[in-house]
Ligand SMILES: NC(=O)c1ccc[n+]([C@@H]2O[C@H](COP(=O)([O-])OP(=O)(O)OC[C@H]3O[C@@H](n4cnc5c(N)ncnc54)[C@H](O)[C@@H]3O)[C@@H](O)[C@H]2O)c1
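What follows is one chain in structure tokens, specifically the form predicted alone.
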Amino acid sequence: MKLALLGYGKMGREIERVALSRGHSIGLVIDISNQNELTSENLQKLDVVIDFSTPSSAVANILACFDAGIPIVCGTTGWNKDLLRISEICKEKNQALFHSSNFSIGVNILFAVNEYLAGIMNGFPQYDVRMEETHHTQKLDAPSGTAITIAEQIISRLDRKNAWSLYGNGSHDDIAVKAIREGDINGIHDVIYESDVDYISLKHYAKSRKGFALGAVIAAEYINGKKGIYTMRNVMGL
């Protein structure tokens, strides 16, 4: 495949390395210095676009790919409020969008276990649940998109929780989510159930960005030639 990379920071460079190692080529790289090159003419020379840009540019990038008729894999987070509208446009225009709050295979295994554990914990009200997530200081959104996905999964299975709140600044019915920004940490997500007598921790620690990059390239391989809306659940058969 010939790919485009929208956003060429640390993730973009890691995706490039992984893509090249899997026999793909990079036909276009868009960063802050050359956004004028994101044109339909340039996009139509490609097979799939991978976006790891910024929350403020992701929606416009997705729409540009729809207009050009090119599938897009979006790993940018922080634009969830527009997801329903973008999904409707994708269907109306018969285009292809692959979106996920996290492309790591390990994190998506955690997602599956998280749903299962929350279902079990619904029958044990003595356990309260909270979350912690830690990322590098350059991450723009807090909490992370991954943390929001985890929280929403728990809320869907745990009757005693109705919402999440950052740092617990909500009601007792909220899941308290602590977001930490320090150093060059690639991503730590921890779900903690605690009772008076013990606690259970479900944790994922990313050693490097390579796992996220590999998942994004696998997503691009999956969506190539397809129409519709996909997530990592499709790739993993969940």
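The shown structure was predicted, so the numbers you read here are calculated from the model rather than taken from an experiment. All residue numbers are counted from 1 along the displayed sequence.
Absent from the display: the form predicted together with the ligand. The rest refers to it.
- Figure note: of the listed segments 57-65, 40-48, 195-203, 166-174, the one touching the ligand in the model of the complex, with heavy atoms no more than 4.5 Å away, is 57-65.
- Residue in contact with the ligand in the model of the complex (any heavy atom within 4.5 Å), chosen from Thr134, Gln153, Thr76, Gln95: Thr76.
- The shortest heavy atom separation between Ala220 and the ligand in the model of the complex exceeds 4.5 Å.
- At the 4.5 Å threshold, heavy atoms of Gly228 stay clear of the ligand in the model of the complex, well away from it.
- None of the heavy atoms of Asn114 is located within 4.5 Å of the ligand in the model of the complex.
- Taking non-hydrogen atoms only, Met11 approaches the ligand to within 4.5 angstroms in the model of the complex.
- With contact defined as any non-hydrogen atom lying within 4.5 angstroms of the ligand in the model of the complex, the contacting residues in 1-38 are Leu6, Gly7, Tyr8, Gly9, Lys10, Met11, Gly12, Ile30, Asp31, Ile32, Gln35, given in sequence order.
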